[in-house]
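Only one chain is included here, represented as structure tokens and corresponding to the form predicted on its own.
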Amino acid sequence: MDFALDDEQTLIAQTVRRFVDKDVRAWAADADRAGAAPPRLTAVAGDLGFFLDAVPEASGGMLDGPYSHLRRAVRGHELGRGCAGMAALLETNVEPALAVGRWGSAAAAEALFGSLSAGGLATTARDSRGTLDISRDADGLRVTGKLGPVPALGTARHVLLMARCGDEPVLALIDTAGGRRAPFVPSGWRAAAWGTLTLEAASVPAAMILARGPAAADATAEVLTWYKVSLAARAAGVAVSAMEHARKYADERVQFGRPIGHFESLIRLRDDADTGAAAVRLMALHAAWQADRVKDDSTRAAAHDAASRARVMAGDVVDRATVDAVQILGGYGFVNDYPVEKLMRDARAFAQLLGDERFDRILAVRAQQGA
């Protein structure tokens, strides 16, 4: 068993790290205050292969062969070190593009890939609480209700929706032109172009329904696996970044004649955070490795379980690491002149997107017990 990154993965990590250190971190504070990513992000990130990496070459993208979730997790960890909001934008097209490429009709592929190739965005949403009213309409669906807030939905042209029509799971591609979209700026990930979408009996043609019934349940499990792996990797990067900033401050701040970073209590805080971040990174990489090897029900379930546990651990670790970073900075930790204040706000979304992870696993256990 080899735990080392191969040459391609190492090059990806180094390239994205340079991009993060040179550009993303320099833009992060202004993007957070403005509640929007800088215009240059699209051009610079596009040159590095973001946005179209999951779109097939034949449809104007860069994907030639199977998609590597392991490579995505490697780059996601580096993106998390820079800005969680901009990282969300850079990763937002992956799930919709992979899902449509895997299960979509020719019409769905033409609509989505044409939009993405022209510079558009797509995002992913899950109706985890069943708040949408979805009914059958001939071979298609009618959707009423409110989606979001979701990252990138403020500007996205398409939404990959995981939901239920009655008792039947469905996976569908929604055109946001069929509803009312509204921007939303939360406290964390402020640069991620969050938004909501209100639908009133919006028509979803049969060609835009990727899967129904048991096939949709399996497809949804895979989409959630992809998303959760990416979230876990990025959360580990945020935790690492928090400790990088805290360590720098602690080495410079002198109290009682020596840097506060020499005090045992602060060394312990940093060490625990570093341990947690390292563990989450390994869990995310392992889950990504499993996601790349899904071939049947057994491997699909194993990958989903690994991704779910990585995401739960990541949420706990990034919460603790960012709070501890603020504690190390003391009163300055709450001032937005220092990056750790932003990182603490950014940490919250990692445990909230796409539903409550622990509750989902409780329901899964109960379903097994009932069987």
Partner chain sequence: MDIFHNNPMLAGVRQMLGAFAKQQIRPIADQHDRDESMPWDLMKMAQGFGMTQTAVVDGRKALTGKDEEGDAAKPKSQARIGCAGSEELAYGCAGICLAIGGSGLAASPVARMGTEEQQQEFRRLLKGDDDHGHIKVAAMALSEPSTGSDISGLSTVARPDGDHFVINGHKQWITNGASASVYVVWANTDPSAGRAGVRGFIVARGTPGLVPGRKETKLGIRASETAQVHFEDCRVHKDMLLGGGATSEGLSDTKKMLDSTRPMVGAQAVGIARAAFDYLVERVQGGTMQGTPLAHHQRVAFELAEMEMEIQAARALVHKAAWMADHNMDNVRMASMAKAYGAKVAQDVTSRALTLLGEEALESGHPVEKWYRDAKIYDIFEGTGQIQRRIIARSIFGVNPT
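What we label the rigid core is the largest C-alpha set whose atoms superpose within 1.5 Å from one form to the other. Numbering follows the first chain given and starts at 1. Just so it is clear, the model here is predicted, and its values are computed rather than measured.
The discussion below concerns the form predicted in complex with its partner chain, not included here.
A single residue from the set A111, A217, V294, L266 has any heavy atom within 4.5 angstroms of its partner chain in the model of the complex; that residue is L266. None of T198, S135, S117, S187 but one reaches within 4.5 angstroms of its partner chain in the model of the complex through a heavy atom, and that residue is S187. Remark: I362 counts among the residues lining its partner chain in the model of the complex, judged by a heavy atom distance of 4.5 Å or less.
Contact check for V16: no non-hydrogen atom falls within 4.5 Å of its partner chain in the model of the complex. For the chain shown alone, R25 is not a contact residue for its partner chain in the model of the complex, no non-hydrogen atom being within 4.5 angstroms. Put simply, A273 is far from its partner chain in the model of the complex: not one heavy atom of it is within 4.5 Å. Taken together, G331, F334 and M344 are fully in contact with its partner chain in the model of the complex: each brings a heavy atom within 4.5 Å. Only one listed stretch (78-86, 144-152, 235-243, 208-216) carries heavy atoms within 4.5 Å of its partner chain in the model of the complex, and that stretch is 144-152.
For the stretch 79-115, the set of residues having any non-hydrogen atom within 4.5 angstroms of its partner chain in the model of the complex is empty. Remark: with the core as the superposition reference, the CA shift of R258 between this form and the one not shown reaches 2 Å or more.
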